[in-house]
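In structure tokens, the next block holds one chain alone, the form predicted alone.
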Amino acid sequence: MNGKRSPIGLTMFILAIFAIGFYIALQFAKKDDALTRTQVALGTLIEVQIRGVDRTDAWHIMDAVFAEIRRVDTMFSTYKESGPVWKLNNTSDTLVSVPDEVLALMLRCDTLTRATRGAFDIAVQPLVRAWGFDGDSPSRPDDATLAAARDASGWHHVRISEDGRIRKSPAAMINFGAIAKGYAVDRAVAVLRSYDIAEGLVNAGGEVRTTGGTWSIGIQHPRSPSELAAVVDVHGRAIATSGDYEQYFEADGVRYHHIFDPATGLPARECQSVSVIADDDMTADALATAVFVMGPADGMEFLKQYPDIEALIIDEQGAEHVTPGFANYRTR
């Protein structure tokens, strides 16, 4: 297929481009005493910043933070053959045991799927595979392949038994891509807090959480990577962004991206990006995806149920839609 394809490989150069909007945005806000380290994990560039700590101590703490992120990556990756999610997706068994941590996140996903009426759904790996977004050459599947992948996808194919085992249809497969980065950020911040870090920040390719201090966080403009759509200070909370510019390809003038509407099996069309502020990054990550799928009108209506959740939606025309309290965090 001819056309423009977004880079989705795992080289440092590609990942730097992948996360450049947030990465650049954080640079202008750094203070002289902020120590920073970046590494590749979870298919993106991870950045950790710490203030007010001796350099030697900071590097030791960052070692622990990145070790935790790599552990989460292995636990929830669809690619690592030693990991429980890969085993879950590649077994012919229909009743499978998973580690307690995976089970706990699946239970949280079950709650989120019900709350969003299916807009958030981790059982979409058949669609990810059909579109090729689990490799380096995504393309539009033919109608028969798309229909089969859509039929195999969906949380209704998965059940959690009372004994904690996973009951699934033979073709059902899980992809934690819409929540794993947020979960990893939360775990990383927990490590920072275990070392009594007063001011820290973790950024996983645009999923950001802070602890203490003032941090200016830039939200990438979805159509101009070198520009910012907004700048926020989340005051110790978390922010996550889902956008159609993260993983995509273009063919015949149409942009096809990786955020699927589970009901159609096609990329959701009504938004360019959605940024959500919440108390934890796992929730922000999942709801950013869900609202992106819902679209501006339904997404804003949905968010009325959660007065402590704030959001910035940029629709397909580039217009902004914001929740009433978003202005309390926006600095530019």
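Since the model is a prediction, treat every value here as computed from it, not as a measurement. In this text, residue numbers run from 1 along the sequence as written.
One more form of this protein exists, namely the form predicted in complex with a small molecule; it is left out here, but the text below deals with it.
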query	finding
4.5 Å heavy atom contact, residue 77 and the small molecule in the predicted bound form	no
In the predicted bound form, residue 112 touching the small molecule (heavy atom, 4.5 Å)	no
The small molecule contact in the predicted bound form: residue 120, any heavy atom under 4.5 Å	yes
Non-hydrogen atom contact residue 105 with the small molecule in the predicted bound form at 4.5 angstroms	no
Heavy atom within 4.5 Å of the small molecule in the predicted bound form - residue from 208, 85, 188, 124	124
Single option in 259, 197, 98, 230 placed near the small molecule in the predicted bound form, where near means a heavy atom within 4.5 Å	259
Contact segment among 87-95, 172-180, 137-145, 215-223, judged by heavy atoms lying within 4.5 Å of the small molecule in the predicted bound form	172-180
